[in-house]
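Shown below, as structure tokens, is a lone chain in the form predicted alone; questions about how it binds or moves come after it.
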């Protein structure tokens, strides 16, 4: 077997140690650096939200950035067993799977339909922000967007809720954003875009269509400068806490093989009536 030769140390580093090149961490015997900081200096000094910001953004957050990020992460932690991701994790636990498999089962249900509205709303907000930066009237742009969605019979992501008339997480999250805008800690562009959408959605309706958790956290993540795809990842980090809690609770109850319906209930059947195969197939 031929061993490749390297003319210089730089070539060796590029071809060998640079195979997995990263600016996130450096691991050597007796050394763990996270974004350049020795981990022993971070332990006991940084919160988990601080560390998430550091790992994703490369620097430490300001107090306002930490407060907003932590609020968004806390708000999306759990929404009960009626959330498919949590129900799936609980069913996995009753089937004897380990916690890692149960959590993975729940997390793997977080896709475009369940768990994806935050990322989608972030993209909508980004489009409205761009239109406003180019001189468009924000309310008019929001009204056009809502008209387009309605014409295609689509829901605007981040607004309305199938369970809550008014999502109880909306107001405290937006109050934190408004405070940060007032103090100049975030620009307020996403907040203005989101509230313009909320006004447009409520026009001509007897009942308003308020923002839900996905819309409120989308505003926070946009104000903090996260790209939409990272919004999905941050939601997964948050909801994983609830998924783990429910999986552990179910596992601790020693239940076995729970299905999606309680035992007294059977799924509705709309197939053929009972029939015989007949002798020719015997």
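Positions refer to the first chain, counted from 1. In this text, all values refer to a predicted model and were calculated from it rather than measured experimentally.
The next section is about a form of this same protein that is not shown, the form predicted together with another copy of the chain.
Interface membership of residue 148, defined by any non-hydrogen atom within 4.5 Å of another copy of the chain in the predicted bound form, is ruled out. For the chain shown alone, residue 160 is not a contact residue for another copy of the chain in the predicted bound form, no non-hydrogen atom being within 4.5 angstroms.
Interface residue remark: residue 195 is not counted as part of the site for another copy of the chain in the predicted bound form, having no heavy atom within 4.5 Å. Among heavy atoms of residue 230, some come within 4.5 Å of another copy of the chain in the predicted bound form. Site residues 50, 80 and 104 are all in contact with another copy of the chain in the predicted bound form, judged by any heavy atom within 4.5 Å.
Among the residues 182, 100, 130, 203, the one placing a heavy atom within 4.5 Å of another copy of the chain in the predicted bound form is 100. Considering another copy of the chain in the predicted bound form, the lone stretch of 186-194, 134-142, 173-181, 121-129 in range is 173-181 [heavy atom distance within 4.5 Å]. Looking at 74-92, the residues that come within 4.5 Å of another copy of the chain in the predicted bound form, counting any heavy atom, are 74, 75, 77, 78, 79, 80, 81, 82, 84, 87, 88, 90, 91, 92.
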